[in-house]
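Have a look below at one chain only, the form predicted on its own, in structure tokens format.
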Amino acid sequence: MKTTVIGAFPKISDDPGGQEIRRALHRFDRGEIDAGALDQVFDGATRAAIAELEAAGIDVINDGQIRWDDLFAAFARSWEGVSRGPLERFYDNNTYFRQPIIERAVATGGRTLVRDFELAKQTATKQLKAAVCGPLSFATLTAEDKAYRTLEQRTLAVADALAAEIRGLGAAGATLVDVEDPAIVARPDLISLAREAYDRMAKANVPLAVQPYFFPADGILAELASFPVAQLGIDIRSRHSDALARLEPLRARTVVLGVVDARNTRLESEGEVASALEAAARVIGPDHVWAAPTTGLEYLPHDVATKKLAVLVKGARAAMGVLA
């Protein structure tokens, strides 16, 4: 039973040095430092996040997504035909993102995140995974589309672009890529379209982990089981969920169980975490259960996020019968 993280780690903290990104961005806006100097600050913060995730005992880490302004920013900045548009609330969170605007057909060379992944790979000592946004989330949250006539066309075009990004990450050494796609559970009526999009991304031949969050997946677990992915993320904390009683269709899959609420400062107990993991393990086997926060820990203060990681690791060890 492994532990992992999803999404972004908090970029700002009250610790010494925890304000460096904020200060660097202010200095960059005032013209006091150039883009190269700003990059160095982001690189240092990325290394620090990786070190913190590893020190917490997380088995499979990401790079903390320190450069991600929001789920779509990196892609909207780099893809041809796409720009960043108006601010919009990100589902029911007290955070905002810039909605993508599609001016013409989407195109990419597939190297949007390669440099970041290569930096993280040089730094990490544990298993490292990459991440991309989800095609359905990108498509349903687009503000304006001048290139595609239907949601289906837009979603599949985004899926093709993401497949190119996944191929690029695979060539850089990624052996697992999270696809963060909350729209799958926010819009279960579009599950068939989502499946078609994932069929296209699977052609990149890099193992994928679909990570829908914020909403229960209870009613679509059987459909998710048919997705061409190596792992399925299931958020059981954000809202009431009976998913633990419905895992039978997922016996052949690895389930990344969101057992620590990344949007609530209340700290789960080791027993709560262990109990949920054990319930899943009884159905699909402990080798097919990974423990994770529900989503990115960026929604929490830094000190709370680190405590959540500690509980996650202790709960997973307890579930395996190992003294934490």
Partner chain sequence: MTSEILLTTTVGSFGKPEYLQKARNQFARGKVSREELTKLERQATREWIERQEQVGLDILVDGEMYRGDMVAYFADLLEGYREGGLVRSYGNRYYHKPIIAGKIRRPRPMTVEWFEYAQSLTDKPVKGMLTGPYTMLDWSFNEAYPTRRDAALALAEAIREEAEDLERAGATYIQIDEPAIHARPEEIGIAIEAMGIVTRGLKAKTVSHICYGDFAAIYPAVLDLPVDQLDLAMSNYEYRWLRLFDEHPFTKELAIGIVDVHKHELESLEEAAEGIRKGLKYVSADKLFPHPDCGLKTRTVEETIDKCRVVVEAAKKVRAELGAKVPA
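Positions refer to the first chain, counted from 1. Quantities reported herein were computed from a predicted structural model and do not represent experimental measurements.
The form predicted in complex with its partner chain exists for this protein as well; it is not shown, and the discussion that follows is about that form.
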Asp69 versus its partner chain, in the predicted bound form: is there a non-hydrogen atom within 4.5 Å?
yes
Indicate whether Gln153 is a 4.5 Å heavy atom neighbour of its partner chain in the predicted bound form.
no
Going by a heavy atom distance of 4.5 Å, is Leu300 a contact of its partner chain in the predicted bound form?
yes
Just to confirm, Arg89 within 4.5 Å of its partner chain in the predicted bound form by heavy atoms?
yes
Non-hydrogen atom within 4.5 angstroms of its partner chain in the predicted bound form for each of Lys11, Leu25 and Thr95:
yes
Mind telling me which stretch in 43-51, 278-286, 56-64, 256-264 gets its heavy atoms within 4.5 Å of its partner chain in the predicted bound form?
256-264
Can you pick out, from Arg84, Arg111, Arg246, Arg195, the residue that has a heavy atom within 4.5 Å of its partner chain in the predicted bound form?
Arg84
Quick one: of Lys121, Arg251, Arg239, Lys146, which gets a non-hydrogen atom within 4.5 angstroms of its partner chain in the predicted bound form?
Arg239
